[in-house]
Ligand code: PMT
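Given as C-alpha cells, the chain that follows is alone and in the form predicted on its own.
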C-alpha cells in the first residue's frame, strides 16, 4: 500500500467466540502503520479484554456509548468522520441486523449510521443463523448499499456444527482491509494476468528440473495491482509464498501447463506480466518409475519448452500491454534489450541475479526498466514491493496515454 498518509481503521469487535482473533487483526494492521481504534460491544467484553486491544493499538478501547471520557474527541461522530475504514470482525448476526435496519443502541451501531467511510464486515456465527432468511436478507441489503464482506468460511465451528459461519482468516481480512484503505484506483476495471514462481519439469515420479524462483515478485505484483483496484489473475508454479486475498490463482506445475493456462486467459486480459521463471528445457522422456542408483548413470536428453511470452506477444491486441522479465548473470542490459525487441514488449524489468541481495529467493532486486521507446531507468537495489509499484506506475501511464489517444482519434 502506498505510504502517502497515515490511515485509520475503526475495528469493531462483537460478541462472537471468534472475537479473540480480532487481536491478531489489530496487531497486523498496526505492524503496517495503520492507526487502529478498537471498539468492543458489551457482549465482546465478556469474551475478550479491552486492555488487550489497548496494549496492541496504543489507543483507548471504546466500550460504552455514554462513558465519561478524558479525551472529548473520542465521540461517535468525531471518529466516524475521521476513520478511513470501519472493519467489523467478527460481525455477528446481531450487528448485521442492526446495520441493515438502522438500529443505533450502542457505540458501534450508532457510529455505523454516522460514518461515510467504507465498511467491511467479516461475519462469524452459527451455520443455521447465517443461513436464516433474515440474515441473508440483511446481507443482501448491506451489499446493495455498498458494504464489503469477507467470508464466512466453511468448517467446524465452536458450537460443533460443520458448515458456513467461521470467520475468515485474520491475514485475509487484513489484506482486504489494506486494499480498501489504499486510495489509488488508477487500474480500476483493468484485467491483469500475471505469471509467477518456477515451473517443475519431471524426470521421474520423484525428481524434477526447476530453479530457485520463490514467487515473491509475482506476489508483490499481484498485491500492488489489487491495491490499485485491478482484477487480478495469477498463473503460478509451485511457490514459497501465498498470494494475497482477492487474487484468482491458477496453480500449475510444468511449462506446458502454464502455457496452456496463459493461452486460455490471455485474450481476456488488458495487462500481461510474465514474471514466472519458466524452465527453458524439459526431459524429452519422463520415466514411469523412480530411477535407482543401481540402474546406472542417469542421462537426460533435454528439449525446449514452449516460449510462453514470445507466443502470446504475437497475439497481442492493440489495447493490451505486455511486460516481460529478464533475469541475467552477465551482460544484463544487452540481453534484456534483445529480449524486449525480439518479443515486441511494451517494457521489461531486467534484474541482476548471482549477486548478493538480488535475484531468486531474495526480498530485494537490482533492476532496470527498459521501455520500447528506448528509455532505460536504473532502479537500483529496491524491495520487490517497490519494484512492483514502479512497474504499475508505468502500466498506468501507458493506459492513460492510450486512452487519451483513442479519445482524440474518435473526435
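Positions refer to the first chain, counted from 1. Treat the numbers as computed from the prediction; the structure is a model and nothing was measured.
The next section is about a form of this same protein that is not shown, the form predicted together with the named molecule.
Screening 226, 308, 99, 252 for any heavy atom within 4.5 Å of the named molecule in the model of the complex leaves a single hit, 308. Between the named molecule and the residues 166, 231, 216, 200, the one pair within 4.5 Å by heavy atoms in the model of the complex involves 216.
Look at 91-99, 114-122, 295-303, 275-283: in the model of the complex, residues with non-hydrogen atoms within 4.5 angstroms of the named molecule sit in 275-283. Not displayed here, the named molecule is approached by residue 328 to within 4.5 Å at the level of heavy atoms in the model of the complex. The closest heavy atom approach of residue 324 to the named molecule in the model of the complex falls within 4.5 Å.
Interface membership of residue 356, defined by any non-hydrogen atom within 4.5 Å of the named molecule in the model of the complex, is ruled out. Contact check for residue 351: a heavy atom falls within 4.5 Å of the named molecule in the model of the complex.
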